[in-house]
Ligand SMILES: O=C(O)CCC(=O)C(=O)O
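Given as structure tokens, the chain that follows is alone and in the form predicted on its own.
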């Protein structure tokens, strides 16, 4: 199977219409995944009214008094509230944590179930229903709608790789699916001083489905060397010294701020579309052919920003090993096998000051 180069589409972040014939959509996804690793989807089947209602509920959630939010503080199951500056996505170049707060909601797992013994599994922490009577219902309707979209995208990803459409489905029958509402403060970013809405990073898992309000801020790293800016090379991406912002200078918030053969490019909000990006696990599975691309959030407007990320990850015990269709005698596997759960545990521990999730009983190694 031939693989297009990183700029085959001619567009950094293409818009893919999921209403087109499936074979054609799979081809477009393949081009996007071997290019920037980001794309928009339209005609995705999620009602706009549900998206709007969900954003309204998240705004109300973040407006709760700090004492009520702290009562839901992130626990060992990675469920709950993360305060401003708690997460540091680029610890090498940030002088303090991201200027955002957030929540984690995952698949509901009963506390007394066998599955709850696994790390990252357990019940959610929900706001007081007397304070927010519709929050859980609306948020869970959105969660289920995005889960359906995620399964549809899994099928298209498999087809794009020349695999049967249901190839990944058995690895997602009890997935680590996480809904993460985020609220960015109005603090203006200063890359030269190490201040970011969200530091430069790649996502950890399979894929992310992102909804945003109309405030810009998301940027991706693109350019001739986009592959060298992928997940496996984050720590070396700035080997010339100085932070990303210092190397970019005053134009950090502008599209086309070029440095080191590449550039930060704005990913503007598009009404009615979701932004899709690939994570490190999919890059491992495809032997680096599909890109987990470096991205960040920069505030240049002084406005608050809301977004909702939906992280779609495999079962905790799913093995992540290079796919046979993505390697061969002349292209051996570049990544050793791992499991989805251990991969995520390592990532959370490295970036969240508030996450100290232990290995649960029966899962010791």
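These figures come from a predicted structure and were not determined experimentally. Numbering follows the first chain given and starts at 1.
Absent from the display: the form predicted together with this ligand. The rest refers to it.
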Item checked: in the predicted bound form, the residue from 265, 121, 295, 291 that sits within 4.5 Å of this ligand by heavy atoms -> 295
Item checked: Single option in 207, 182, 153, 146 placed near this ligand in the predicted bound form, where near means a heavy atom within 4.5 Å -> 182
Margin query: Taking 4.5 angstroms as the heavy atom distance cut-off, pick the stretch from 27-35, 309-317, 327-335, 53-61 that is near this ligand in the predicted bound form.
Written below: 309-317
Margin query: If we define contact as a non-hydrogen atom of the residue within 4.5 angstroms of the partner, is residue 218 a contact of this ligand in the predicted bound form?
Written below: yes
Notebook entry, point to check: Is residue 201 a contact residue for this ligand in the predicted bound form, using a 4.5 Å heavy atom cut-off?
Noted result: yes
Item checked: Contact test in the predicted bound form: residue 212 vs this ligand, heavy atoms, 4.5 Å -> yes
